[in-house]
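Shown here is one chain on its own, the form predicted alone, set out as structure tokens.
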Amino acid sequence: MAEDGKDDSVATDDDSDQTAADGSLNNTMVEEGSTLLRRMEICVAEAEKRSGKNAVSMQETFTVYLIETRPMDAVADGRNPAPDSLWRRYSEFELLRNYLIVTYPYIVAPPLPEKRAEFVWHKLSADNMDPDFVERRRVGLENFLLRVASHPVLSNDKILYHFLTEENGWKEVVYETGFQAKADSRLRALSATFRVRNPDKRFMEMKHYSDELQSHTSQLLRARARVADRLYGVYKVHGNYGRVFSEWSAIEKEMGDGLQSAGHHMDAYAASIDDILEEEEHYADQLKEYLSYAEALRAVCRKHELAQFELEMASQDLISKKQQREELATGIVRTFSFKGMTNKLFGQEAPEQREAKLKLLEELITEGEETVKEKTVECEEHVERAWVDMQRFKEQKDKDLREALINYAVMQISMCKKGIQVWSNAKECFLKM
């Protein structure tokens, strides 16, 4: 949820009437309905390996990423100014995302690319310093920023703007929001075991869907890794054809040129698998993004359960306090209790004691009614806003996965056509012998 008491918006009218999770969007910027991506060109241009000392003064090697931004109006006017740029570590992207998750618990937050490679076929390096992995992560970090900057709510957060434009001091601004204390509290609450009596059926179904989405995506990624392993072997074995044809050509006069040419085609075919599987990794990364999205979707459902549970507990506590007041006022104990037994054995309390307890109960009931009212509003707002964002996410997911799967199929078709072409070329070589 958005924090109360944050700085005023960065680039908006002071009188703008915007609302966030807790009734204010003081940490947002610009007019409603406009996303940051419409006003700013954003890219993660390159990655660079660096060395330095960490928090405990130990030497470490890490990767930093160059973020470049440029005002969109300048690009539209054809001025094309030099972009503003700054470097960020992966851990800073993590801090930004953690802040967004805590501040906007009703949003299905865009995920970051994986920190270490998973679902890899055995010839692919799992080293997080591997150049190919770093390049894919660069693409993933750019995609994360574009997702956030195009989101109707997240894109207008001033912390995001600071992240993109202020190289120094932005962390202090983040921590000043107090989000970390709320994050720790929420984490403990979400880690606890509790059962909601009256869950929203839609959120229960969405939580089940997120589990299924994660399961199917994981299975697809595992199947793809197994296919990649076997495909790599099949392609590389074709290199044996090339070696045999080349060696054979040395002892043939009439057939020599044809065999040698066919061998060259086979060698090229065997070598092509490296580029093919590297291209495949980009499609696998798109699936991995939705593997993480499934976790983000489940987190929103879990936060709804927590809000509903807190409301139910507050309501139950209020009912209990009112019952105590009634029993104290009438002297009739409706349920079996230790207090009821002691009253029967030792007599009723003195009038002064009873009046004092009644006064205290009245105060607690008033506080309880306010708590229930606040929890009800909080729960209703979370349900309304989360459901809107879940529908937005569903449309985005359907579009993205459809496009990714179609492109993957097209790539496979192209790969097969290249294989056919190699053998067609080999056939032509054999015909010329």
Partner chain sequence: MSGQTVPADFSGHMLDLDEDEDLDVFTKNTSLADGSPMPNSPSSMVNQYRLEEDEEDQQGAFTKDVFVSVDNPESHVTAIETFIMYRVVTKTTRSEFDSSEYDVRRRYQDFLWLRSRLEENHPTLIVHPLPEKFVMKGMVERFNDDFIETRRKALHRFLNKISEHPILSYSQHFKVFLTAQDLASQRKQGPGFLSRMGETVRAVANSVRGLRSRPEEFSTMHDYMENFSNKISSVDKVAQRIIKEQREYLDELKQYSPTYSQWAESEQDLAEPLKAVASCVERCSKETEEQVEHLSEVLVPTLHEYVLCAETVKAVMRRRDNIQAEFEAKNEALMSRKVDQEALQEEVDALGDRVELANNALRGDWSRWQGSLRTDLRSAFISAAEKNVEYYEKCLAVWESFLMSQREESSEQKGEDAS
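This structure is a prediction, so every number in the text was calculated from the model and none was measured. Residue numbers count along the first chain shown, from 1.
Separately, the form predicted together with its partner chain exists; it is not shown, and the next lines address it.
Chemist: Taking 4.5 Å between heavy atoms as the contact cutoff, choose which of 377, 388, 364, 405 touches its partner chain in the predicted complex.
Modeler: By the 4.5 Å heavy-atom cutoff, the listed residue in contact is 405.
Chemist: Sort through 275, 172, 254, 352 and report the residue having a heavy atom within 4.5 Å of its partner chain in the predicted complex.
Modeler: So the residue touching its partner chain in the predicted complex, by this definition, is 254.
Chemist: Only one of these stretches, 156-164, 297-305, 105-113, 224-232, has heavy atoms within 4.5 Å of its partner chain in the predicted complex; which one is it?
Modeler: Heavy atoms within 4.5 Å of its partner chain in the predicted complex occur in 224-232.
Chemist: Answer for residue 384 alone: is it within 4.5 Å of its partner chain in the predicted complex, judged on heavy atom distances?
Modeler: Contact check for residue 384: no, nothing within 4.5 Å of its partner chain in the predicted complex.
Chemist: Answer yes if any heavy atom of residue 89 is within 4.5 Å of a heavy atom of its partner chain in the predicted complex; otherwise answer no.
Modeler: No, residue 89 sits far enough from its partner chain in the predicted complex that none of its heavy atoms falls within 4.5 Å.
Chemist: So in the predicted complex, does any heavy atom of residue 45 sit within 4.5 Å of its partner chain?
Modeler: Residue 45: no, not in contact with its partner chain in the predicted complex.
Chemist: So, residue 265 and its partner chain: in the predicted complex, are they within 4.5 Å at any heavy atom pair?
Modeler: No.
Chemist: In the predicted complex, which residues of 234-269 put a heavy atom within 4.5 Å of its partner chain?
Modeler: Sequence-ordered list: 234, 235, 237, 238, 240, 241, 244, 245, 247, 248, 251, 252, 254, 255, 269.
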